[in-house]
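Given as structure tokens, the chain that follows is alone and in the form predicted on its own.
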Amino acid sequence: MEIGLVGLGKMGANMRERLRAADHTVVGYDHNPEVSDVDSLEAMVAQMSRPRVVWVMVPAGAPTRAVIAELAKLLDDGDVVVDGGNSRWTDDVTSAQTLAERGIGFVDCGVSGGVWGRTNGYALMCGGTAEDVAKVQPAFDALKPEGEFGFVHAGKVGAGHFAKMVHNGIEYGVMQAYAEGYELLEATDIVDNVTDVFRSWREGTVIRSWLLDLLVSALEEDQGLEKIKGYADDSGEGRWTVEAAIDNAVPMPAIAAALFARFASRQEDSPAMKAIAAMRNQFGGHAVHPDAHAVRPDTEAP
């Protein structure tokens, strides 16, 4: 098939190569001319035959909305736009409505696989009508891993990104569990080699997984993870998962705790823990640990 691909960063560029390896024709556009096949969205659309399929792989939010708004002006009735970024599922309804006004179809697709996807394939979770999904199916088949699994038409528009959101929320919880286990093993002198313990878990245990494999690789490269600061960002899906759980009254203690742990990782000195220490001192005379960098009342700041 012929497909347009907007956004040729790490994921987009690798997807282009995997699609081409499956003998599909890809016309890629990116703001970076060094990686782009054409110099504009207009040129990309002009090179393609109808009905066109254009896959968007740009950052979620305003960048995705801007690209979809531009494509709505350029594409024709019967064409399909795929949002393969990490858009919030509620944004998909708006995107679909914007495109439907021109008779353009819309498919939302959550993509998992990271930098390894070019070789191993991408897990794909899509939402949209059966008709629109069918137009993209050859690309889905090329991008997914070999074998029975790795692709699902999850439901109507929004279902793909909703499924990917929950997937990422689960990822938060699994990573947090591995991380807490790692810290406990490192905190004692009982285990001689923590990396060896994690490495042994890669076969035969109920907690073996690809994330475990990646943690072992990281430990092999940096024993004790001394080159990394304990600061963890979040890209949004974890927050959205917890918000959706609240909206639907679904208990989600593990994923919520994993999200909050990332917030805690960004604090060098917790205001909340300061307040707790102060209260313990006030009601029970419990000792507090003074801040060595604080300016005493009887001294002047330099």
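Since the structure is predicted, the reported quantities are computational estimates derived from the model, not experimental observations. One-based numbering along the sequence shown.
There is also a form predicted in complex with a further copy of the same chain; it is not shown, and the following applies to it.
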- request: With a further copy of the same chain left out of view, choose which of 68, 45, 53, 57 has a non-hydrogen atom within 4.5 angstroms of it in the predicted complex.
  value: 57
query: Heavy atom within 4.5 Å of a further copy of the same chain in the predicted complex: which of 141, 131, 76, 183?
result: 183
- prompt: Three residues, 10, 243 and 256; all within 4.5 Å of a further copy of the same chain in the predicted complex via heavy atoms?
  reply: yes
- prompt: Counting only non-hydrogen atoms, which stretch in 132 to 140, 68 to 76, 116 to 124, 96 to 104 is within 4.5 Å of a further copy of the same chain in the predicted complex?
  reply: 116 to 124
Contact flag, residue 49 vs a further copy of the same chain in the predicted complex, heavy atom cut 4.5 Å: no
In the predicted complex, residue 279 touching a further copy of the same chain (heavy atom, 4.5 Å): yes
- prompt: residue 163 near a further copy of the same chain in the predicted complex, any heavy atom under 4.5 Å?
  reply: yes
task: Although a further copy of the same chain is absent from this view, report whether residue 81 comes within 4.5 Å of it in the predicted complex, heavy atoms only.
output: no
Stretch 252 to 270 - residues with a heavy atom within 4.5 Å of a further copy of the same chain in the predicted complex: 252, 253, 254, 255, 256, 257, 259, 260, 261, 262, 263, 264, 265, 266, 267, 269, 270
